[in-house]
Each structure stands twice: as C-alpha cells, then as structure tokens.
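In the block that follows, a single chain appears as structure tokens, in the form predicted alone.
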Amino acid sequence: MSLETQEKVKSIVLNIISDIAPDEDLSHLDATKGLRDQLALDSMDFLDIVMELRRRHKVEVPAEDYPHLATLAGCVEYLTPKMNLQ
C-alpha cells in the first residue's frame, strides 16, 4: 500500500463525508477516533457513506465489515486494497 494511494483513499472518504454532512468541519478530524464521535453523523449518514462508496467507486462493504469504517484510519486501511486506483 503506497502512501500516495492511502492519501487518495482518505481524500475520497473525506469528499463523501463532506457531501453527506456539508456543515461538518473535517479539518480537525483525528484519524484514530470514531467518525461518529467526532461528527454529527447518525446511522443513516453512515449508510449513505457506504452507498456512495458503492455508487461512486464500485466498492461493496458487507454489513459485518462496517466496524472497519468506524475511524478514518480504519476506512483507509479497509478500502485501499478494495479500490482500483491507478
């Protein structure tokens, strides 16, 4: 996993979150803390994030893997090998 690819995945996740929660300030996110603890995201927002990953990037996230997406760092670790980024 290259650092460049990880940064692309992080950017993708942050873009999706900013579309779903446009009023949230994402500049001070701690990548190791829960996204829902830091942002005003409810369970529907979380599902919207998962749906946008599928729609925009053809990444399927089964429900049993949702805990991997709890933090920004977890999102990057989980999604990087699943995304087809050049």
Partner chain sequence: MDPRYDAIVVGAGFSGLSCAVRLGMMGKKVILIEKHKIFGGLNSYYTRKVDDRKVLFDSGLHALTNFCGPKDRHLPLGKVIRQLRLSYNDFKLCPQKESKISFPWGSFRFNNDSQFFFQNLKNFFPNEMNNIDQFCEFLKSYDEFSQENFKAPFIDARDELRKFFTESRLIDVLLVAPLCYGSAREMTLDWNLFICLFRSIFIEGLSRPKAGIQGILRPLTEKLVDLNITIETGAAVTKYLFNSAGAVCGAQLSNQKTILGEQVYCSSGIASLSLVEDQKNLEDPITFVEVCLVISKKDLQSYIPWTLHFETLGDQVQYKIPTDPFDQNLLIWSCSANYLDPDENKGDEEEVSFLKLSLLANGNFWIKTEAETYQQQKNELLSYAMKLIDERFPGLKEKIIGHDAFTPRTIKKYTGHHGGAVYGGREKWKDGISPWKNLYIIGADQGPPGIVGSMLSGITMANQYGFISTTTSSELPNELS
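Positions refer to the first chain, counted from 1. In this text the structure is predicted, and so the values were computed from the model without any measurement.
Unshown form predicted in complex with its partner chain; subsequent notes refer to it.
- When its partner chain is considered in the model of the complex, Ile20 lines it closely, a heavy atom lying within 4.5 Å.
- The closest heavy atom approach of Glu77 to its partner chain in the model of the complex falls outside 4.5 Å.
- Contact annotation: Asp30 falls outside 4.5 Å of its partner chain in the model of the complex, judged by heavy atom distances.
- Of the heavy atoms in Leu26, none are within 4.5 Å of its partner chain in the model of the complex.
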